[in-house]
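In the form predicted alone, a lone chain appears below as C-alpha coordinates.
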Amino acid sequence: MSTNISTKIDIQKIAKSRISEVDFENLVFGSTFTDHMFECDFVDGEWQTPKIRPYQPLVMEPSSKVFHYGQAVFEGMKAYKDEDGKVFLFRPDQNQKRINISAKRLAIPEFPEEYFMDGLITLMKMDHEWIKPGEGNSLYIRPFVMATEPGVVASRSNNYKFMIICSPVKPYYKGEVKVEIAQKFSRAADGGVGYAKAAGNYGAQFYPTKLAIEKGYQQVIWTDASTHSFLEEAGTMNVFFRVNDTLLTAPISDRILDGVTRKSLIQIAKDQGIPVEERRVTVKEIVAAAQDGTLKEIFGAGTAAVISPIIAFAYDEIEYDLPKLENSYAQQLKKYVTDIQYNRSEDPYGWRFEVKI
(Lines give C-alpha, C1' and ligand atoms only; values in the text may rest on other atoms or scores of the structure.)
Protein backbone atom coordinates (compact mmCIF):
# COMPACT_ATOMS: atom_id res chain seq x y z
CA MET A 1 0.00 0.00 0.00
CA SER A 2 1.12 3.51 -0.76
CA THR A 3 0.74 6.66 1.31
CA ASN A 4 0.24 8.74 -1.84
CA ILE A 5 -3.21 10.36 -1.83
CA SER A 6 -5.23 9.99 -5.03
CA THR A 7 -8.77 10.66 -3.79
CA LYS A 8 -10.13 14.18 -3.93
CA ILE A 9 -11.12 15.02 -0.36
CA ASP A 10 -12.94 18.21 0.62
CA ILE A 11 -10.97 19.36 3.69
CA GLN A 12 -12.08 21.90 6.28
CA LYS A 13 -9.51 22.37 9.04
CA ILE A 14 -10.34 23.31 12.61
CA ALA A 15 -9.69 26.96 13.51
CA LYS A 16 -7.87 26.06 16.73
CA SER A 17 -6.82 22.65 17.98
CA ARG A 18 -8.30 21.35 21.25
CA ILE A 19 -5.21 19.26 21.99
CA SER A 20 -3.91 21.63 24.71
CA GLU A 21 -7.09 20.95 26.73
CA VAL A 22 -6.45 17.19 26.92
CA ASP A 23 -4.80 15.40 29.85
CA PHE A 24 -3.12 12.54 28.00
CA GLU A 25 -2.10 10.82 31.24
CA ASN A 26 -5.68 10.42 32.45
CA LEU A 27 -7.69 9.37 29.42
CA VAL A 28 -10.95 7.43 29.70
CA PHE A 29 -10.86 4.92 26.84
CA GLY A 30 -12.80 6.12 23.82
CA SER A 31 -14.12 9.33 25.39
CA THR A 32 -11.77 11.99 23.97
CA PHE A 33 -11.69 12.67 20.22
CA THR A 34 -9.24 14.36 17.89
CA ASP A 35 -9.78 17.61 16.00
CA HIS A 36 -11.08 16.16 12.75
CA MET A 37 -13.38 13.48 11.36
CA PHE A 38 -13.81 11.89 7.94
CA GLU A 39 -17.22 11.42 6.35
CA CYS A 40 -18.70 10.37 3.04
CA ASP A 41 -22.37 10.03 2.05
CA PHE A 42 -24.00 7.45 -0.18
CA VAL A 43 -26.78 9.18 -2.12
CA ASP A 44 -28.53 8.41 -5.43
CA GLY A 45 -26.74 5.09 -5.73
CA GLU A 46 -23.14 6.29 -5.34
CA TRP A 47 -20.60 7.50 -2.81
CA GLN A 48 -20.17 11.25 -2.91
CA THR A 49 -17.01 13.37 -2.50
CA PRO A 50 -15.37 12.48 0.84
CA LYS A 51 -14.93 15.23 3.43
CA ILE A 52 -12.74 15.91 6.43
CA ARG A 53 -14.08 18.51 8.80
CA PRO A 54 -13.79 19.49 12.47
CA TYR A 55 -15.15 16.89 14.90
CA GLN A 56 -18.71 17.93 15.69
CA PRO A 57 -22.24 16.61 16.28
CA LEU A 58 -24.27 15.23 13.39
CA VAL A 59 -27.70 16.45 12.35
CA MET A 60 -29.94 13.48 11.49
CA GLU A 61 -33.63 12.81 11.06
CA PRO A 62 -35.26 11.03 14.02
CA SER A 63 -36.60 8.58 11.43
CA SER A 64 -33.14 7.70 10.10
CA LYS A 65 -33.23 3.96 9.54
CA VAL A 66 -30.15 3.25 11.64
CA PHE A 67 -32.19 4.12 14.75
CA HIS A 68 -35.02 1.76 13.86
CA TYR A 69 -33.54 -1.16 11.94
CA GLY A 70 -29.93 -1.25 13.08
CA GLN A 71 -28.12 -0.99 9.77
CA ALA A 72 -24.70 -0.09 11.18
CA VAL A 73 -21.28 -1.74 11.09
CA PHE A 74 -17.90 -0.58 12.34
CA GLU A 75 -14.21 -1.37 12.65
CA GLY A 76 -11.61 -0.91 15.37
CA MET A 77 -7.95 -0.21 14.60
CA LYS A 78 -5.03 1.73 16.03
CA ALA A 79 -2.20 4.07 15.07
CA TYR A 80 1.11 4.02 16.96
CA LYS A 81 4.03 6.43 17.21
CA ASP A 82 7.61 5.32 17.78
CA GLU A 83 10.25 7.22 19.74
CA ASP A 84 11.36 9.02 16.57
CA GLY A 85 7.89 10.38 15.93
CA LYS A 86 7.06 8.05 13.04
CA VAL A 87 3.42 6.96 12.76
CA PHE A 88 2.35 3.40 11.97
CA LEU A 89 -0.87 1.50 11.35
CA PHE A 90 -1.18 -2.27 11.88
CA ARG A 91 -2.61 -4.27 8.98
CA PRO A 92 -5.11 -1.57 7.86
CA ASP A 93 -5.88 -3.53 4.69
CA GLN A 94 -7.54 -6.20 6.87
CA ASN A 95 -9.85 -3.64 8.49
CA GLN A 96 -10.73 -2.18 5.10
CA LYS A 97 -11.66 -5.60 3.75
CA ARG A 98 -13.57 -6.63 6.86
CA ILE A 99 -15.80 -3.56 7.06
CA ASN A 100 -17.02 -4.35 3.56
CA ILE A 101 -17.65 -7.98 4.51
CA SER A 102 -19.73 -6.69 7.42
CA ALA A 103 -21.48 -4.12 5.23
CA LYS A 104 -22.45 -6.71 2.63
CA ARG A 105 -24.11 -8.89 5.30
CA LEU A 106 -26.29 -5.93 6.35
CA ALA A 107 -27.13 -4.91 2.76
CA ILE A 108 -24.97 -1.78 3.03
CA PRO A 109 -23.07 -0.71 -0.12
CA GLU A 110 -19.35 -1.46 0.07
CA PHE A 111 -17.06 1.53 0.60
CA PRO A 112 -14.32 2.05 -2.01
CA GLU A 113 -10.87 0.92 -0.88
CA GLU A 114 -9.17 4.08 -2.13
CA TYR A 115 -11.64 6.29 -0.25
CA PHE A 116 -11.04 4.29 2.94
CA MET A 117 -7.24 4.33 2.73
CA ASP A 118 -6.88 7.91 1.46
CA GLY A 119 -9.30 9.22 4.06
CA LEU A 120 -7.56 7.31 6.84
CA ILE A 121 -4.06 8.44 5.82
CA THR A 122 -5.12 12.08 5.41
CA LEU A 123 -6.79 12.03 8.82
CA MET A 124 -3.64 10.56 10.41
CA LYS A 125 -1.49 13.27 8.83
CA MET A 126 -3.79 16.03 10.05
CA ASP A 127 -4.17 14.73 13.63
CA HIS A 128 -0.82 12.99 14.16
CA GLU A 129 0.03 15.20 17.17
CA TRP A 130 -2.73 13.36 19.06
CA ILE A 131 -0.74 10.11 18.77
CA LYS A 132 1.63 9.88 21.71
CA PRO A 133 4.71 7.62 21.85
CA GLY A 134 5.30 5.18 24.67
CA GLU A 135 4.07 1.74 25.68
CA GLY A 136 0.28 1.60 25.93
CA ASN A 137 -0.30 4.91 24.14
CA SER A 138 -2.07 4.80 20.78
CA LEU A 139 -4.78 6.39 18.69
CA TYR A 140 -7.92 4.27 18.54
CA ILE A 141 -9.52 4.59 15.10
CA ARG A 142 -13.22 3.92 14.56
CA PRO A 143 -14.44 3.62 10.95
CA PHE A 144 -18.18 3.02 10.74
CA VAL A 145 -21.12 3.25 8.36
CA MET A 146 -24.81 3.71 9.13
CA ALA A 147 -28.17 4.02 7.38
CA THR A 148 -29.36 7.63 7.14
CA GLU A 149 -32.44 7.50 4.93
CA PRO A 150 -35.50 8.83 6.81
CA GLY A 151 -38.45 6.48 7.10
CA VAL A 152 -39.87 3.79 9.36
CA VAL A 153 -40.69 1.25 6.68
CA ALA A 154 -38.85 -1.99 7.46
CA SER A 155 -36.58 -2.09 4.44
CA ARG A 156 -32.92 -1.45 3.73
CA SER A 157 -31.87 2.16 3.46
CA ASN A 158 -31.01 3.92 0.21
CA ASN A 159 -28.76 6.48 1.95
CA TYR A 160 -25.72 5.91 4.17
CA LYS A 161 -22.95 7.81 5.91
CA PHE A 162 -19.41 6.43 6.25
CA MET A 163 -17.22 8.03 8.90
CA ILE A 164 -13.87 7.72 10.66
CA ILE A 165 -13.36 9.23 14.11
CA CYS A 166 -10.24 8.93 16.28
CA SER A 167 -9.61 8.80 20.02
CA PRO A 168 -6.27 8.94 21.87
CA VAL A 169 -6.15 6.09 24.39
CA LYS A 170 -4.18 4.40 27.13
CA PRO A 171 -4.41 0.60 27.77
CA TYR A 172 -7.97 -0.78 27.56
CA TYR A 173 -8.10 -3.08 30.57
CA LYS A 174 -6.60 -2.24 33.93
CA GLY A 175 -6.32 -4.78 36.69
CA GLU A 176 -7.10 -8.48 36.64
CA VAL A 177 -9.89 -9.98 34.52
CA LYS A 178 -12.22 -12.77 35.60
CA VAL A 179 -14.93 -14.18 33.33
CA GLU A 180 -18.08 -16.26 33.51
CA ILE A 181 -18.90 -18.92 30.90
CA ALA A 182 -22.35 -18.29 29.43
CA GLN A 183 -24.94 -21.03 29.96
CA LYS A 184 -28.09 -19.21 28.92
CA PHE A 185 -27.26 -16.29 26.63
CA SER A 186 -25.43 -16.40 23.30
CA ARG A 187 -23.57 -13.82 21.26
CA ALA A 188 -24.47 -15.21 17.82
CA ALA A 189 -26.28 -18.04 16.05
CA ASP A 190 -25.76 -20.06 12.87
CA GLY A 191 -26.77 -18.07 9.81
CA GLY A 192 -26.68 -14.80 11.76
CA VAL A 193 -24.32 -11.83 11.80
CA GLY A 194 -21.76 -13.01 14.35
CA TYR A 195 -18.91 -12.80 11.84
CA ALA A 196 -19.78 -9.16 11.05
CA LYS A 197 -18.88 -6.18 13.24
CA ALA A 198 -22.53 -5.19 13.38
CA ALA A 199 -23.47 -2.66 16.03
CA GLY A 200 -26.37 -4.81 17.22
CA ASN A 201 -24.02 -7.68 18.11
CA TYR A 202 -22.52 -5.53 20.83
CA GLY A 203 -25.76 -4.03 22.11
CA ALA A 204 -27.11 -7.54 22.70
CA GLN A 205 -24.08 -8.42 24.86
CA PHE A 206 -24.57 -5.69 27.42
CA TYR A 207 -27.33 -7.32 29.48
CA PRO A 208 -25.62 -10.71 30.00
CA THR A 209 -22.37 -8.87 30.73
CA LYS A 210 -24.17 -6.69 33.28
CA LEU A 211 -25.37 -9.83 35.06
CA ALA A 212 -21.81 -11.22 35.11
CA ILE A 213 -20.44 -7.94 36.47
CA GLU A 214 -22.96 -8.07 39.29
CA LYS A 215 -21.42 -11.42 40.27
CA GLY A 216 -17.89 -9.99 40.25
CA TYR A 217 -16.80 -10.91 36.72
CA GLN A 218 -15.63 -8.43 34.10
CA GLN A 219 -16.66 -10.35 30.99
CA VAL A 220 -18.48 -13.36 29.58
CA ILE A 221 -17.07 -16.23 27.54
CA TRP A 222 -19.79 -16.90 24.99
CA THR A 223 -20.95 -20.39 24.07
CA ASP A 224 -22.78 -21.68 21.01
CA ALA A 225 -26.48 -20.91 20.78
CA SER A 226 -27.59 -24.51 20.13
CA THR A 227 -26.09 -26.45 23.04
CA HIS A 228 -23.98 -23.98 25.10
CA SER A 229 -21.27 -26.63 25.09
CA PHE A 230 -18.71 -24.99 22.76
CA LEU A 231 -16.60 -21.95 23.70
CA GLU A 232 -16.55 -19.20 21.09
CA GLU A 233 -15.52 -15.64 22.10
CA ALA A 234 -14.70 -13.70 25.27
CA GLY A 235 -16.61 -10.46 25.66
CA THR A 236 -15.80 -8.45 22.54
CA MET A 237 -12.63 -10.44 21.82
CA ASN A 238 -11.52 -13.72 20.32
CA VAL A 239 -10.40 -16.16 22.98
CA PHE A 240 -7.45 -18.55 23.33
CA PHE A 241 -6.93 -21.46 25.75
CA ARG A 242 -3.55 -22.97 26.58
CA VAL A 243 -3.81 -26.63 27.56
CA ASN A 244 -0.37 -27.97 28.44
CA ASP A 245 1.72 -26.29 25.72
CA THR A 246 -0.93 -26.13 22.99
CA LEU A 247 -3.03 -23.08 22.13
CA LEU A 248 -6.67 -23.77 21.30
CA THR A 249 -9.07 -21.33 19.67
CA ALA A 250 -12.41 -21.65 17.94
CA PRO A 251 -12.36 -21.67 14.12
CA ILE A 252 -13.79 -18.80 12.12
CA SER A 253 -17.44 -19.35 11.24
CA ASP A 254 -20.58 -17.32 10.61
CA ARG A 255 -20.77 -16.89 14.41
CA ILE A 256 -17.19 -15.81 15.09
CA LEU A 257 -15.37 -12.64 14.06
CA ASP A 258 -12.25 -13.01 11.92
CA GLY A 259 -10.14 -10.92 14.30
CA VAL A 260 -7.05 -9.17 12.94
CA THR A 261 -5.22 -9.67 16.24
CA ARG A 262 -6.39 -13.30 16.36
CA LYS A 263 -4.99 -14.20 12.96
CA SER A 264 -1.75 -12.34 13.71
CA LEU A 265 -1.24 -14.23 16.99
CA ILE A 266 -1.90 -17.57 15.32
CA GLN A 267 0.72 -16.85 12.66
CA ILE A 268 3.30 -15.67 15.20
CA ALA A 269 2.66 -18.60 17.55
CA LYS A 270 3.09 -21.15 14.79
CA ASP A 271 6.29 -19.49 13.60
CA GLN A 272 7.61 -19.51 17.18
CA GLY A 273 7.03 -23.25 17.44
CA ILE A 274 3.92 -23.04 19.62
CA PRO A 275 1.37 -25.73 18.67
CA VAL A 276 -1.95 -24.12 17.66
CA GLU A 277 -5.25 -25.92 17.08
CA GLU A 278 -8.12 -24.06 15.44
CA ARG A 279 -11.05 -26.26 16.36
CA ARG A 280 -14.23 -26.34 18.37
CA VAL A 281 -13.34 -26.19 22.06
CA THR A 282 -15.78 -27.67 24.55
CA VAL A 283 -16.67 -26.33 27.96
CA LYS A 284 -16.26 -29.84 29.31
CA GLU A 285 -12.62 -30.18 28.23
CA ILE A 286 -11.63 -26.76 29.59
CA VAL A 287 -13.28 -27.43 32.94
CA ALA A 288 -11.55 -30.83 33.05
CA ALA A 289 -8.21 -29.20 32.19
CA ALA A 290 -8.71 -26.65 34.97
CA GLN A 291 -9.44 -29.46 37.40
CA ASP A 292 -6.42 -31.58 36.49
CA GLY A 293 -4.00 -28.64 36.22
CA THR A 294 -3.32 -28.84 32.47
CA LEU A 295 -5.12 -25.54 31.75
CA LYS A 296 -2.28 -23.01 31.89
CA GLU A 297 -3.77 -19.86 30.35
CA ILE A 298 -6.85 -18.19 28.93
CA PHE A 299 -6.61 -14.84 27.18
CA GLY A 300 -8.70 -12.62 24.97
CA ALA A 301 -7.30 -11.10 21.78
CA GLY A 302 -8.49 -7.94 20.06
CA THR A 303 -7.49 -4.50 18.83
CA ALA A 304 -8.34 -2.53 21.98
CA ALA A 305 -6.33 -4.59 24.49
CA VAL A 306 -4.17 -6.67 22.07
CA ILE A 307 -4.10 -9.47 24.66
CA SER A 308 -6.07 -9.56 27.89
CA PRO A 309 -5.01 -12.36 30.28
CA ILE A 310 -7.79 -13.99 32.27
CA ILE A 311 -6.96 -15.04 35.84
CA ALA A 312 -10.10 -17.08 36.59
CA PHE A 313 -13.35 -18.32 35.08
CA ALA A 314 -16.65 -19.49 36.53
CA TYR A 315 -18.93 -22.28 35.34
CA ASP A 316 -21.90 -23.81 37.15
CA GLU A 317 -21.26 -21.35 40.00
CA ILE A 318 -17.77 -22.83 40.55
CA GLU A 319 -14.76 -20.57 40.09
CA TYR A 320 -11.51 -21.92 38.67
CA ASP A 321 -8.25 -20.00 39.13
CA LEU A 322 -5.54 -19.98 36.49
CA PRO A 323 -1.87 -20.39 37.48
CA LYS A 324 0.41 -17.36 37.46
CA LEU A 325 3.20 -18.08 34.99
CA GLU A 326 6.59 -16.41 34.78
CA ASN A 327 6.83 -16.42 30.99
CA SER A 328 3.31 -16.98 29.68
CA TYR A 329 2.30 -17.31 26.05
CA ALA A 330 0.20 -14.19 26.55
CA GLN A 331 3.25 -12.17 27.60
CA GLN A 332 5.42 -13.55 24.80
CA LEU A 333 2.87 -12.99 22.05
CA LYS A 334 1.83 -9.55 23.25
CA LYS A 335 5.45 -8.39 23.30
CA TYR A 336 6.02 -9.74 19.80
CA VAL A 337 2.96 -7.96 18.40
CA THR A 338 3.48 -4.65 20.19
CA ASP A 339 7.16 -4.57 19.24
CA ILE A 340 6.03 -4.65 15.61
CA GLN A 341 3.29 -2.08 16.19
CA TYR A 342 5.60 0.41 17.95
CA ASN A 343 8.47 -0.14 15.47
CA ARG A 344 10.73 -1.65 18.12
CA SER A 345 11.59 -4.74 16.09
CA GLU A 346 11.79 -6.09 12.58
CA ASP A 347 8.48 -6.84 10.89
CA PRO A 348 8.96 -10.10 9.00
CA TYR A 349 5.31 -10.16 7.89
CA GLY A 350 4.98 -6.69 6.36
CA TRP A 351 2.12 -5.85 8.74
CA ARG A 352 3.44 -2.46 9.83
CA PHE A 353 2.26 0.39 7.59
CA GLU A 354 4.02 3.72 7.94
CA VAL A 355 2.07 6.94 7.45
CA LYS A 356 4.53 9.48 6.07
CA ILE A 357 3.89 12.69 8.04
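Don't overthink the numbering: it's just position in the shown sequence, from 1. Every value quoted in this text rests on a predicted model; they were computed, and no experiment measured them.
Absent from the display: the form predicted in complex with a small molecule. The rest refers to it.
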Item to complete: Tell me the stretch among 40-48, 323-331, 56-64, 295-303 that has any heavy atom within 4.5 angstroms of the small molecule in the predicted bound form.
Response: 295-303
Worksheet item: Are any of the heavy atoms in residue 111 no more than 4.5 Å from a heavy atom of the small molecule in the predicted bound form?
Response: no
Worksheet entry | 4.5 angstroms heavy atom contact with the small molecule in the predicted bound form for residue 142 | yes
Fill in: Distance check, residue 81 to the small molecule in the predicted bound form, heavy atom within 4.5 Å
no
Worksheet item: Heavy atoms within 4.5 Å of the small molecule in the predicted bound form: does residue 207 have any?
Response: no
Worksheet item: Which of these residues, 148, 236, 218, 282, gets a heavy atom within 4.5 Å of the small molecule in the predicted bound form?
Response: 236
Worksheet item: Of these, 185, 230, 172, 115, which has a heavy atom no more than 4.5 Å from the small molecule in the predicted bound form?
Response: 172
